[in-house]
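Only one chain is shown below, in structure tokens, and it's the form predicted alone.
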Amino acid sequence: MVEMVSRPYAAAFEKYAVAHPNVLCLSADLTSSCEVDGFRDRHPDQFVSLGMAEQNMLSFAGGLGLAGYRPFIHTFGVFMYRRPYDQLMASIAYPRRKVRLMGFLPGVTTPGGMTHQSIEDISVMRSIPNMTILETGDATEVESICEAADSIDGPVWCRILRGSVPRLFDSPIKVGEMRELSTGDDILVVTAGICTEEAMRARSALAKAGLSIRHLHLSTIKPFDEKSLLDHIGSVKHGVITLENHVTEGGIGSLVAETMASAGIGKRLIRLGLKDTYAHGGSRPYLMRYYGLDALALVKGIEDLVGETFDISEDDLDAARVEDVHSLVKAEAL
């Protein structure tokens, strides 16, 4: 039975910030939605509300970084890079400010549709010099994201899970390292974020079908350990499949493809994720099924990779967890 942790970010950020007085909490009018409303109430001297003015907020954060503070910006991911892209580049990335960009609602973790779903943020951030990218996949990684991000000498982009989050791992994020969740010599599966749990749901059914799966979970997307990935690719027979809560262009699928191409690896690669499309509104399980981001989509991708049909259905997969909405007051989870 998977342990579910309620609002792990709220407690983790408060604990970390209180222990580090130079950490400031910045909010763009989504304070409760980003789980820092309790921190605001208890520690007003470390909290700054900048309203729905994200361009100003990023420039302001860059100035705070210059003054020796370590601002943690809290808002939905889309509002932190689409509208204020110029300020992100000029005030934070170019001067290597120690600004921690805590982006909530990554990918299809919200029913809010295109305006609220950051589906291309990894591809954008990977192209920005000086930017580190971290992604949380469970409660333990959410609990350790503040310390991990604050260990970086420069700006950090973080994809944060909120609300009720499963505990899948027993060790914190280690910047620059990937997790090897299962060993196998048939297929390498590479996942990040919420897609890691989906791959874990599929592994037992695939094992029963006679497939030996090597599964890697990425919490550090940039910088990336290419050597370790190449070692894992060299250890499997059939090839590689990636599954991500992001468009397939520029995300971890592209990252793996680039690594394989640069090394001259001729094995087959299948990239699963959003296929040149925006996502519409709906529950997370519905959106993951509709857009091919879930365990069953991974099974079908593996069938394509090996050229066989395993007759695995949803009933054969490990049970999906039932997720509570973020707030009883905000049942739409925005």
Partner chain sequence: MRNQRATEDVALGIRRRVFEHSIRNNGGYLSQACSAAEQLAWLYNEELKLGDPTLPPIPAPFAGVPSPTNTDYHTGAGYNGPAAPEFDRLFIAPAHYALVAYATLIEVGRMAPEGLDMFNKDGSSVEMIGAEHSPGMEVHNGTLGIGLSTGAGLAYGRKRRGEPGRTWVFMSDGEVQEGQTWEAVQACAHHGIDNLYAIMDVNKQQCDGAMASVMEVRDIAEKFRVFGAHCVEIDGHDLSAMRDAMNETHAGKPLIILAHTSPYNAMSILEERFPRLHYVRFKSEDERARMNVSIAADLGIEPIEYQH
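Here the structure is a predicted model, which is why all the values come from computation and not from measurement. Positions refer to the first chain, counted from 1.
The protein also exists as the form predicted together with the partner chain; that form is not presented, and the subsequent description refers to it.
Asker: Counting only non-hydrogen atoms and a 4.5 angstroms cut-off, does G63 reach the partner chain in the predicted bound form?
Answerer: Yes, G63 lies within 4.5 Å of the partner chain in the predicted bound form.
Asker: Hey, in the predicted bound form, does A10 get a heavy atom within 4.5 angstroms of the partner chain?
Answerer: Contact check for A10: no, nothing within 4.5 Å of the partner chain in the predicted bound form.
Asker: Whether N56 contacts the partner chain in the predicted bound form should be assessed with a 4.5 Å heavy atom distance threshold; does it?
Answerer: N56 belongs to the contact set for the partner chain.
Asker: In the predicted bound form, does A207 have a heavy atom within 4.5 Å of the partner chain?
Answerer: No, A207 stays farther than 4.5 Å from the partner chain in the predicted bound form.
Asker: Looking at the partner chain in the predicted bound form, is some heavy atom of each of T75, G112 and S164 within 4.5 Å of it?
Answerer: Looking in the predicted bound form, the three residues T75, G112 and S164 all stay beyond 4.5 Å of the partner chain (heavy atoms).
Asker: Which single stretch, out of 172-180, 92-100, 227-235, 119-127, brings residue heavy atoms within 4.5 Å of the partner chain in the predicted bound form?
Answerer: In the other structure, the partner sits against 92-100.
Asker: Is any part of 64-84 within 4.5 angstroms of the partner chain in the predicted bound form by a non-hydrogen atom, and which residues would that be?
Answerer: Residues within 4.5 Å: L64, L66, A67, G68, Y69.
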